[in-house]
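Next up: just one chain, as structure tokens, the form predicted on its own.
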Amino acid sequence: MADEKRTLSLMDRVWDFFISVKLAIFTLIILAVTSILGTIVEQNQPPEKYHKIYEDWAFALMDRINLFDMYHSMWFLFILVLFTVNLSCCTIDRFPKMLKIVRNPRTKLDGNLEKSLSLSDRWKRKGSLTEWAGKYAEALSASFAKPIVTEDGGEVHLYAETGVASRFGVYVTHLSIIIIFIGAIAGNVLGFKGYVNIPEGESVAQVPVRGGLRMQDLGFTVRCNAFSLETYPSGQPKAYKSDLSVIDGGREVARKTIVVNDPLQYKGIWFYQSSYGQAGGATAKVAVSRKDGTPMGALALAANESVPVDGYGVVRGVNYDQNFQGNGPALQVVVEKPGKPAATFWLFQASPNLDRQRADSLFFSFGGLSSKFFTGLQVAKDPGVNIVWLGCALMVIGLIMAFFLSHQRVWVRLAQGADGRVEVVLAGSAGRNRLAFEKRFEKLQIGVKATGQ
């Protein structure tokens, strides 16, 4: 028997711990502080970036407590679970009491209840108790709500109420928060977020996550078919987009050109256009023609890279100027022929036939620079996002119920007086927005008093 009491006592203490308001306040403060830290300390960045910002001892400490990937750490997950359990227990503990109050309202207007209500009125009417009870019940039904009729000790009590749902607004809000946290926990445990750069024409099947510390298999391949960039006349980027294909099972199953805020989604994984950059150095496009103008093909010259031309020699691109001597883009090339000194000259993009003046067996035309870009993608999977949206919708409903609805109650007590007339007491109360209810009560008071006259 003593062991059973100790067990019950321990269970009570555990339950009291989880329904404690102090625990709720403590976890909320911890969540607020950690969220601020997560905003100040940039998350999921490469280690070398953190080494540039923090000293070695600070980096080691912050890395040990997972401050660089805080939202996926075990301690942050523990706080989320603790708050969810705390709020769930509080709701479970208090909801039955509220449900009992709603299901068993005080339908009788006794003396103590009447004294506690600030809105009340009294009058007398000639006639029978049953007659006036019926009339006032019809009046309440028409102007307020259908009343519950109770007869007790020679008295008739009418009780009507509206806005009962407002009593449950706080519990719907609690439930919405619990659902949101469950969604956050699901996303924390089962989801991931990472960044990957894909050069044009190349593919990836894995994404680095946790700041590059772990590779996440996608289960399929994503290929960047092409990347395009639009710029303003000043050279600033105007718009950029990526043509992506999803390869699954050896075949293309999805394709989409994505821009900022218009991602590609496949199997619950989202690919957002995040950044871009140049993949490797630019190459110069140089057309080669015979002296008589017959085309010989084209060369792609990388910086200082020697490209042989059969039966002629070697050509190198050594310099580029976007506006050489005010004549627009130009490329400086070096031609090396066997047994002859190297020749250096400029090719102008705006003057494709200018090189004919060298009177060589071949002449060259500069067609501009060609750069290969990579697309920078943010890759995210969050299986809890739909759960979070459900919680947000419930929260809106709960807040409307809690703040825009009001539980309003009206009592009417009828008793046969000593003078043979019926004594009538009208009283009312509201859980919220009492000023508006006072105006409604005045109209109701006028209407009920005028009944039968």
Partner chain sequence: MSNVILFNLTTVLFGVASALYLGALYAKNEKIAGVGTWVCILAAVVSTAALGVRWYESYQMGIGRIPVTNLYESLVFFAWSVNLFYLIVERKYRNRTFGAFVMPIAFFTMVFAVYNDSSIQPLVPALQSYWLHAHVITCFVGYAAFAVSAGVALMYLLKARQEEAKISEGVVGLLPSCKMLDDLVYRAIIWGFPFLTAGIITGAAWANYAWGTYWSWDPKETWSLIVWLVYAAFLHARITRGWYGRRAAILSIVGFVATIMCYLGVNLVLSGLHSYGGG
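Note that the structure is a prediction, hence the values are computed from the model and not measured. Positions refer to the first chain, counted from 1. Basically, rigid core = biggest C-alpha set you can superpose within 1.5 Å across the two forms.
The form predicted together with the partner chain exists for this protein as well; it is not shown, and the discussion that follows is about that form.
Site residues R223, V253 and L369 are none of them in contact with the partner chain in the model of the complex, judged by any heavy atom within 4.5 Å. Though the partner chain is absent from this view, in the model of the complex it lies within 4.5 Å of a heavy atom of just one residue from A160, V209, V196, A184, which is A184. In terms of contact with the partner chain in the model of the complex, the residue from K115, K124, K238, K340 that brings a heavy atom within 4.5 Å is K238.
Contact with the partner chain, judged by heavy atoms within 4.5 Å in the model of the complex, is confined among 340-348, 253-261, 125-133, 280-288 to 253-261. When the partner chain is considered in the model of the complex, A380 lines it closely, a heavy atom lying within 4.5 Å. When the partner chain is considered in the model of the complex, E48 lies well away from it, no heavy atom lying within 4.5 Å. In the model of the complex, the partner chain lies within 4.5 Å of some heavy atom of F404.
Taking the partner from elsewhere, Y232 is found to have a heavy atom lying within 4.5 Å of the partner chain in the model of the complex. Along 21-52, a non-hydrogen atom within 4.5 Å of the partner chain in the model of the complex is carried by V21, K22, I25, L28, I29, L31, A32, S35, I36, T39, I40, E42, in order along the sequence. Relative to the superposed core, A436 undergoes a C-alpha shift smaller than 2 Å between the shown form and the other one. With a cut-off of 2 Å and the rigid core superposed, K108 has a Cα displacement that falls short of the cut-off between the shown form and the other one. Once both forms are fitted on their rigid core, the CA atom of V425 lies less than 2 Å apart between the shown form and the other one. Inter-residue distance, Y266 to M70 (Cα): increased by at least 3 Å in the model of the complex versus the depicted form. With a change of no less than 3 Å, the CA-CA distance between Q378 and I40 is larger in the model of the complex than in the form shown.
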